[in-house]
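Let's start with one chain on its own, the form predicted on its own, as structure tokens.
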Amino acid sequence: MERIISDKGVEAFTANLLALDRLAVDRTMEQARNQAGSLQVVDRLVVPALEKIGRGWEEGTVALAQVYMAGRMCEELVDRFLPPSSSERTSQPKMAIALLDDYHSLGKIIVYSALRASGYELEDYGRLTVPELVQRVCADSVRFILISTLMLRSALQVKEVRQGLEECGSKAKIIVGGAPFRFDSVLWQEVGADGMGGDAAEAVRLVKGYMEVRHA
């Protein structure tokens, strides 16, 4: 197992994802799963690969189409190797992710895939306005809502989401991410969010941290 999840193993897996080599990706997953549980494998192989691909896009070395297709392949892998009915899936309250009044969905795609690859189930609400998002969260009794933004205007609207959730009696935790929050390290606090993930890895760690506190 150590050989499979070494840095070189993650690099090879990442390269196969970017090349859209489904056979090689499947073979690596099968080999790793034969030596450890599916949840451990996706957590230590798939998530790091997605993070590398996300960083590659930010640095301009990976194309948007590659990011999208790699994310889709990882979702398919998780569904096959770690289906929702699996006993290895993480026990959790209802969770969702949304793009707040913004058209740039790359960040959401990466975080969504990373969370599912880490064993979490969550709804993808897509692109919503503030009233639409508040209505969905309250109606679905969501306990964790992850909000992705690219434009400052959208990031500032998180404050309206918080106000709307309080008015409907929701106690949902709000986790935000995106360029505006990376540029201004205190913006997430100013808009009333409960946490900020600078990248997919941080988003996963935040969710895990809240889960551990919840079950403590």
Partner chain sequence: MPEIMPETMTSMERVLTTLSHKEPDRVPLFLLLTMHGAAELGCSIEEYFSKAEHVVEGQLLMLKKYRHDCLFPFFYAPLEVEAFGGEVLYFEDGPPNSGIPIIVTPSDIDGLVAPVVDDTPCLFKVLQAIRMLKQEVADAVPIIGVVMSPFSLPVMQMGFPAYIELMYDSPELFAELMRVNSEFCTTWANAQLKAGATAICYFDPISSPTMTARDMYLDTGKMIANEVISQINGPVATHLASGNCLSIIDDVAETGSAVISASSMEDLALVKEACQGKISILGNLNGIEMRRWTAQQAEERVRQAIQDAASGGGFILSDNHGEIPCQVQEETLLSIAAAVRKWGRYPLAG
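Each form is matched to the other, and the largest set of C-alpha atoms that superpose within 1.5 Å is called the rigid core. Positions refer to the first chain, counted from 1. This one's a predicted model, so the numbers in the text were calculated from it and none came from an experiment.
This next part talks about the form predicted in complex with the partner chain, which is not shown.
None of 149-157, 47-55, 167-175, 23-31 except one has non-hydrogen atoms within 4.5 angstroms of the partner chain in the predicted bound form; the exception is 149-157. Of the heavy atoms in Q135, none are within 4.5 Å of the partner chain in the predicted bound form. Proximity of I109 to the partner chain in the predicted bound form: non-hydrogen atoms within 4.5 Å are present. In the predicted bound form, the partner chain sits within 4.5 Å of a heavy atom of R72.
For the chain shown alone, S141 is not a contact residue for the partner chain in the predicted bound form, no non-hydrogen atom being within 4.5 angstroms.
Along 170-205, a non-hydrogen atom within 4.5 Å of the partner chain in the predicted bound form is carried by P180, R182, F183, D184, V186, L187, E190, in order along the sequence. Taking the rigid core as fixed, one finds a CA shift for E166 smaller than 2 Å between this form and the one not shown. In the core-superposed comparison between this form and the one not shown, the C-alpha atom of I147 has shifted by less than 2 angstroms. Remark: with the core as the superposition reference, the CA shift of Q189 between this form and the one not shown stays below 2 Å. Distance between the C-alpha atoms of T61 and G126: longer by at least 3 Å in the predicted bound form than in the displayed form. Relative to the displayed conformation, the Cα-Cα distance from W57 to G195 shrinks by 3 Å or more in the predicted bound form.
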